[in-house]
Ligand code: IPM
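First, one chain by itself in structure tokens, the form predicted on its own.
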């Protein structure tokens, strides 16, 4: 009998390839522990839309909402696949779940493993010692500049009339004007920040000094939404006196995260700023092929590698599966904490250890890290290491 129901949404392009490696990790856990997974694969995305006229089958959203204990998503995006309104076909999958399931925190661990080169100087290099890049950025996931698109996507997923923002006037502008509202609420900001402070309590502090530090990144010197965001941060912080508070405007933060990443522990920021900052952060950890993520709410979550569908690499078995595998690691940790299952938390740690050992060995890396190993070969290697660790531990 399965203990957990996992919805597997492979999606488009290379998402389908890395989803197989995510499933391989789940299979490895099941084969070497007393934990069982019921994996339900749901076709979805732009290619599915072109083939069937549906972004995903009717009832898929409801299954993810009502039946799944956790959700894994490969990637969304297929060339030429757009809806009549111009939105990305497949948007009601990824964005619809973010908004429709109220997954208000996009959680992005940014960690540089030993043996991973990165290209911050235009070539493979190693500027920082391993461990000197180890932070978690929390990006607000349901509000801000993407709010209207998120609502439209959720409405499509639920079969409702798509939301459209109110008409506004902009004095002093002429000609055609397009705009996107950027709403930021106190409730949305507070729940993100509380999660950030709570995550800080589970970590070892910033690499440079071991201090439990939470950084608020905004543009509160300019925008009203950010002024509200910062004021909420200062109020919430009163409940977490163990954390040192830090502040940065987004433009300065982009400089400092590049120059001194070892200073940062946990970062909280708004939707668009977080979208941009975390992609820069991915460079610090070796590229998008290393970047895992969780979209987390109070009751539900889905986990995905953030590299996208990468159509030009699809079908070549060459992309890096580690972002996908680390997304499963995040899933195990989240499930363990949600279900008060210490074994699941330990399994998450063992997945991370298996990835670290594989990278430290340095012999079998994918093209993005300067190697020639295939996606499946790397996935098999990490799964084998995990199987050994699980056998020893359990």
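What you are looking at is a predicted structure, and each value in this text was computed from that prediction instead of being measured. Positions refer to the first chain, counted from 1.
In what follows, reference is made to the form predicted together with the ligand, a form of this protein that is not presented.
- When you look in the predicted complex, the only residue of 118, 182, 98, 213 with a non-hydrogen atom within 4.5 Å of the ligand is 98.
- For the residues 87, 246, 275, 134, the 4.5 Å heavy atom test against the ligand in the predicted complex is passed only by 275.
- Only one listed stretch (232-240, 249-257, 90-98, 182-190) carries heavy atoms within 4.5 Å of the ligand in the predicted complex, and that stretch is 90-98.
- Judged against the ligand in the predicted complex with a 4.5 angstroms heavy atom cut-off, the residues 111, 265 and 334 are out of contact without exception.
- With a 4.5 Å cutoff on heavy atoms, residue 146 counts as touching the ligand in the predicted complex.
- Residues of 356-394 are not found to place any heavy atom within 4.5 Å of the ligand in the predicted complex.
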